[in-house]
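Take a look at this single chain, the form predicted alone, given in C-alpha cells.
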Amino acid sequence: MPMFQPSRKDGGVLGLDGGGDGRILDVESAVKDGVLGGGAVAVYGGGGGGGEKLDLKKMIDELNLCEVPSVFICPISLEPMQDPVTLCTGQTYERSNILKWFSMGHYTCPTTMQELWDDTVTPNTTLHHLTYTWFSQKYVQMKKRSEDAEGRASELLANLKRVKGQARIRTLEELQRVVANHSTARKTVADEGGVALVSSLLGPFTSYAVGSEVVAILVNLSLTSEAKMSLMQPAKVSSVVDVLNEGSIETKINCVRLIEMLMEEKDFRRELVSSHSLLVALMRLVRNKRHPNGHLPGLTLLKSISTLKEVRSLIVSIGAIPQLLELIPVLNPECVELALFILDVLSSVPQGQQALKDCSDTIPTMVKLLMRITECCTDYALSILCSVCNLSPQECSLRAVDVGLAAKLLLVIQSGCSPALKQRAAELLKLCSLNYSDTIFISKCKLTRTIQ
C-alpha cells in the first residue's frame, strides 16, 4: 500500500463541509459560524468552574437529541462521534466504526469509496473538542432547565394548597406543563406529596376545568399502589368518567390512560368499570371518526374491560356490537385486531351472540376479513362466524355462503395457517355444505366471486 503523505497532527478538522477538501475549521471559527450555537460554556458538573468533568457519552445518552449538527455524526453509524479519527482521504469517522470496517477486509473510504493509500487513522482532537463543547452547552442548559422546573414544581404545589377558583386552574395548567416536560419535576411532585394533593381535587363537585388538568397531571406520574387505591374511590372514578364524557380528544385519551393505570393494580375493583356512563363515553371515543387518534387507546381499554365476564352483557346492551362493526372498515390493522378480539369475546355471552346474528353487517364483514390482515384477525373472524352459524345454522350459513364464505374457507384450509385454524375452517365448511346438494355447493366454492 503506498505511503500516505504527511498527515496533520494538530487535530484540525479536515473536510467539515463533507467535500474532503482538507479545509481547516477551528473552535473559534465554529463558534463564529454558528456550529456551536453560542459562546463558551461551562463544561464541568454543576454549571460552575469546579467539579468533575462531564463525560461525553453520558451527555449524548442523557440528551438523546433528535437534531445534531451533521459534522458531529459518524457516516457509518449515523450516531454522534465520541472518538473521531480522520483518514488520508480527509473523511472523519468514529474510531471503533472505521476499525471494524478495516477488520472486515475493506481498504476503502466508506464515504468516497476511494482506495486508501494509507490506513493510518489520525485522532481529530479539534472535532472532538467541538463535539464536547457543543454537547456540554446543551447539557448545562438542560440541567439548568431541570433545576428551574424542579423549583417551579415545588412552588406550584405550595400555591395549590391555598389558591381557589381561576387561580387554582391556572396553577394546575402550569403544573401540568412542567411535569409533562421535566422528569425532575415529576420526581419533585412525587417526593413532596403532590400526587395525594392533586388527587384530592377529584370528587363529586370537581369542575371539568379542574378535573381535566388533574387527570393530565396524574397520567404523567408514576403512581404507587397506595395512590392508585386512593383514586379507586367511587367519587373520584365518577369524576374521571364525567371528564371523559365532556372533554376534548386529548382529555378523553388522558382519562382512558388513567383508568388503564388503575386496572393494572392487582386489587383493582372491577365494579368501577361496570358503569353504563363509562362504557357509553368510551364507545363515543372509539366511534369518533373525526379523531382517529382516539381509536387505539379507546379500543385498548375496551378490550381490557371486555375480559371481565360480568361486564360483557352491559357492553352488548349499549349497542357496542353494531357500532364496532360499522367502524371496522375505517380502522387501521392494529385497531381492527382489537375490535375483532372484543367482538369475539362478546360472542361468548348469549346476548352478544344474538346481537351478532341480528346485525346485517356481521357476516359480510367477517367473511371479507378472512385472510386479509393477520392470522389473528382471521382466527377472530372465523370464531365469530362459527358462533353465529351455530346459533342459526340454516339462516346464517346460507347468508355466509352467498357472500363467498365457502371459497374463503377453502383458502384458509389450503394456507399456511395453524392446524387449529384449518380445523375450525373445515368444520364450518362442513356445516355450510349441509344446506346444499354436492353439485350446487361445489359451484359455491369457486374462487372467482371471492377474488372479485
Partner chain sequence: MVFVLCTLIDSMGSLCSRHRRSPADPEENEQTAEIERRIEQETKAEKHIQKLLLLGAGDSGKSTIFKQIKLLFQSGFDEAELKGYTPVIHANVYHTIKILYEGSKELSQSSEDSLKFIVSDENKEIGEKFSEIGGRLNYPRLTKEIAHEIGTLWRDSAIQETYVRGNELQLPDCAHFFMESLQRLSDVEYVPTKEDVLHARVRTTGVVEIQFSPVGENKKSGEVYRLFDVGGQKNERRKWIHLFEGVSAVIFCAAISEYDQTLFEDDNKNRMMETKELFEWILKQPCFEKTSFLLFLNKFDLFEKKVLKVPLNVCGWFKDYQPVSTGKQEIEHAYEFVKKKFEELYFQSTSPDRVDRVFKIYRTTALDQKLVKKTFKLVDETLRRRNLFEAGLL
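Treat the numbers as computed from the prediction; the structure is a model and nothing was measured. Residue numbers count along the first chain shown, from 1.
Only in words, not in the display: the form predicted together with the partner chain, which the text now covers.
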With the partner left out here, check for me: in the model of the complex, does some heavy atom of Ser183 sit within 4.5 Å of the partner chain?
no
Check Met113 for me: does it contact the partner chain in the model of the complex (non-hydrogen atoms, 4.5 angstroms)?
no
Contact of Ala209 with the partner chain in the model of the complex (heavy atom, 4.5 Å)
yes
Taking the partner chain as it sits in the model of the complex, is Lys161 in contact with it (heavy atom to heavy atom, 4.5 Å or less)?
no
Contact assignment for the partner chain in the model of the complex, among Asn293, Ser200, Asn332, Gln166, heavy atom within 4.5 Å:
Gln166
Proximity to the partner chain in the model of the complex, single hit among Ser248, Ser225, Ser222, Thr120 (heavy atom within 4.5 Å)
Ser248
Tell me whether Ala235, Arg284 and Arg287, taken together, all sit within 4.5 Å of the partner chain in the model of the complex, counting heavy atoms only.
yes
Stretch in contact in the model of the complex with the partner chain, which is absent here, among 192-200, 271-279, 301-309, 78-86 (heavy atoms within 4.5 Å):
271-279
